[in-house]
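A single chain comes next, written as structure tokens; it is the form predicted alone.
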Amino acid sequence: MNLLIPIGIVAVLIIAIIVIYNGLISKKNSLDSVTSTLDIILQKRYDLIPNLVSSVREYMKHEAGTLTEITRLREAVSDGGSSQADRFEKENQLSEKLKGLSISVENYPDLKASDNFIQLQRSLNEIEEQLSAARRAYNASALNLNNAREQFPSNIIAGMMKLKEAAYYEAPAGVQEKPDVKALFNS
């Protein structure tokens, strides 16, 4: 009878460790899944941009610098050799350039009227919305994993598993500023 109490305590501890371990693995796999979804949406954007650039190039010869920069950033984002933080920064730069391209298009009525461009613009807007949702899901998964890594007692097991802190996707500087719509229309 005296032996049953220590065996029971050990059994409860083993079950607790298994539950915590499985919870951490689940959170890590969830983050990996969201990262994969983010990569898929980025690939869709990567595939769409050359078509958009080709269509726009015919109408905006003098905007070649912007289009070249978009192409350069698209290639930099897709090279895969940079850290997650660098990748996020390049994605932010690409998003900003694409917004600028959309605003520049407002000055070209023939381009706005092109059915091909309208379809590409809708597709790009849809992908940007999907990307925004995927970034929110990524940050939620990163928060979930990071909380589990830091909370007791799962922090002990996370330390043994050598789980690293997940980086958050952060908006680029200046996004929080109120846009000057009047200046956009006058440019």
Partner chain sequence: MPEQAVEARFDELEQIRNEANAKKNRIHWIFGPILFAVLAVLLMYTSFPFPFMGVIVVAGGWFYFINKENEKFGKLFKTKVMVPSLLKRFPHLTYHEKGISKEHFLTSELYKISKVDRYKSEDMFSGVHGKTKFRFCEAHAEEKRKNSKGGSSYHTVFQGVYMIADFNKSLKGTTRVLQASDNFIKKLFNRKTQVSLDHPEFEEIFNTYSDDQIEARYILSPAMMERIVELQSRWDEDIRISFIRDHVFIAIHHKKNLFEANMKKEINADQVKRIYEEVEMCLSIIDLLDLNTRIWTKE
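Numbering follows the first chain given and starts at 1. Just so it is clear, the structure is predicted and the values come from calculations on it, not from any experiment.
The next section is about a form of this same protein that is not shown, the form predicted together with the partner chain.
So which of 47, 32, 126, 150 reaches within 4.5 angstroms of the partner chain in the model of the complex, heavy atom to heavy atom? Looking at 47, 32, 126, 150 one by one, just 126 meets the 4.5 Å heavy-atom criterion.
Examine residue 155 and determine whether its closest non-hydrogen atom to the partner chain in the model of the complex is within 4.5 angstroms. Residue 155: no contact with the partner chain in the model of the complex.
Examine residue 133 and determine whether its closest non-hydrogen atom to the partner chain in the model of the complex is within 4.5 angstroms. Heavy-atom contact with the partner chain at 4.5 Å: present for residue 133.
Closest heavy atom of residue 37 to the partner chain in the model of the complex, within 4.5 Å or not? It does: once the partner chain is placed as it appears in the model of the complex, residue 37 has a heavy atom within 4.5 Å of it.
Contact test in the model of the complex: residue 43 vs the partner chain, heavy atoms, 4.5 Å: No.
Taking 9, 24 and 28 as a possible spot, do all three reach the partner chain in the model of the complex with a heavy atom inside 4.5 Å? No, because 9, 24 and 28 lack any heavy atom that approaches the partner chain to within 4.5 Å in the model of the complex.
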